[in-house]
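Let's start with one chain on its own, the form predicted alone, as structure tokens.
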């Protein structure tokens, strides 16, 4: 009995020492966020708060997720005992990977005495990891988890996929759990981005992605993650394989889209090519390659996770009956005609006489809700899906998003979603060019506006619209334009 009690006591003391040591590398993060209203771009939505647990790194820096600080109007650090607070600021943020690096405004304050974490090496499937939470009282909570699998997941910015650990664990609800650190043998392994309480699965940003993010910040000139500039489909369908003339022992992914200025296009790849391998890693028919640590990983990780901007990768591909090899220098994806990442950016717009003009963004399209692709007006969806049809004539798609009923817009209340082609005879390339075009009226009395759909051309009384603009400002509209 004495031996058993001695063993239990030593185990309890040992667990207490772990509980006491680990939080010395953590700091609370409190942020007040206020998003831009994409449908009424002159406004912001109601403010709300996020609380997270940040990982302290070397150099008075704190790592958290981009989602915690995106569109933040105020960010602060708070000690675990809740006794000290200090204003924080963002050093670097990457919405694609969902990572952000912060620092205190006062360099000599709140992080002093905390123990910086070093980054863990990647771990194999089946590894046990430590998931740390901290209660409001400052009591740390340690949950053990097991790395069950990996996947390529989009955790914040839709459409951008990166290697993610899927960890099996039963977590408790605790304060500051919006984003929390996951450790391996006392080193930072990743950051939690979501938790499915039904399946008890945590999605955690992998150490490879965190390492690449931190390395990119070292020279003070953050570039971001690379892209190949292709859209691809698997080659599982037997009819497609026969048409592509693929052998039974060959896998590969079929290039369905090619960004005109992307890395692949510049290197000479073509639509219809089948990528067979990247850096010697053969791709299966579903686009996976074999990893020593993770078994099967989707091919995009070889580009976005293991690659880097200006770094070359070797690609083997099938074109017809030829097998070709290319060395492709990776680059950052070029911001397209319809931007996909507008988080933290104020939307550009113009209100003229009650007509509301905006630049088309993916966030605007997503405001139509779930299944937005089936709800968005077809002309806007076409511009998003086929920007190459518009790029020659414009830099941004400008469209009429809504009409405020005013004396100047009588009869136009039904108009919305029409793409603007010309105003007063001037081609419209973006909101600044639209503002400039409205500064000139035909015969100084009428504005003519040419649309991509019926009625194709509408007119706005110049003097009356100016009067309406003045009245809109007097009624509290904060600004009639944002360039």
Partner chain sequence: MIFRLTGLLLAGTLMCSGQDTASDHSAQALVSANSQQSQSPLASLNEEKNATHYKSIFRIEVASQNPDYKTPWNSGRFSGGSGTGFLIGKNRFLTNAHVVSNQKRVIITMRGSSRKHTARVVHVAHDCDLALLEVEDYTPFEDLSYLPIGEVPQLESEVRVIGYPVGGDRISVTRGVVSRIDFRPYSHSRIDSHLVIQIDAAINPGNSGGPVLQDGKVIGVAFQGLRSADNTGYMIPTPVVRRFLQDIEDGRYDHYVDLGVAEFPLHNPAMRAIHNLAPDAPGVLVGAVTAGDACDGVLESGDILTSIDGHQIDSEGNVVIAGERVKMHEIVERKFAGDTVELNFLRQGSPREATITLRAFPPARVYAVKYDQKPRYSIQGGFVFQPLDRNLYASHRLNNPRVRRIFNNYLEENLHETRKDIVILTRVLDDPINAQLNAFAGNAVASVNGVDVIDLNHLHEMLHPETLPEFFEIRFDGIQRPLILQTTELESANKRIAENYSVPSPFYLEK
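Not measured: the values here are computed from a predicted model. Only the largest set of C-alpha atoms that superpose within 1.5 Å between the two forms is called the rigid core. Residue numbers count along the first chain shown, from 1.
A second form of this protein, the form predicted together with the partner chain, is not displayed here; the remarks below concern that form.
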Testing 422-430, 49-57, 447-455, 36-44 against the partner chain in the predicted bound form with a 4.5 Å heavy atom criterion leaves exactly one stretch, namely 447-455
For this session: Tell me whether 24, 121 and 139, taken together, all sit within 4.5 Å of the partner chain in the predicted bound form, counting heavy atoms only.
Result: no
Next item on the list: Tell me, yes or no, whether residue 468 is in contact with the partner chain in the predicted bound form, where a contact means a heavy atom of each within 4.5 Å.
Entry: no
Is the gap between residue 464 and the partner chain in the predicted bound form 4.5 Å or less for some heavy atom pair? yes
Give a yes/no on whether residue 130 approaches the partner chain to within 4.5 Å in the predicted bound form, heavy atoms considered. no
When the contact criterion is heavy atoms within 4.5 Å, does residue 415 count as touching the partner chain in the predicted bound form? yes
The listed residue (381, 259, 114, 337) that reaches within 4.5 Å of the partner chain in the predicted bound form by any heavy atom is 381
With the partner omitted here, the residue among 322, 373, 158, 81 that in the predicted bound form has a heavy atom within 4.5 Å of the partner chain is 373
Those residues of 241-277 with a non-hydrogen atom no more than 4.5 Å from the partner chain in the predicted bound form are 242, 243, 254, 256, 271
**Q.** residue 215 C-alpha relocation of at least 2 Å between the shown form and the other one, rigid core basis
**A.** no
If you line up the core, does residue 375 shift 2 angstroms or more at its C-alpha between the shown form and the other one? yes
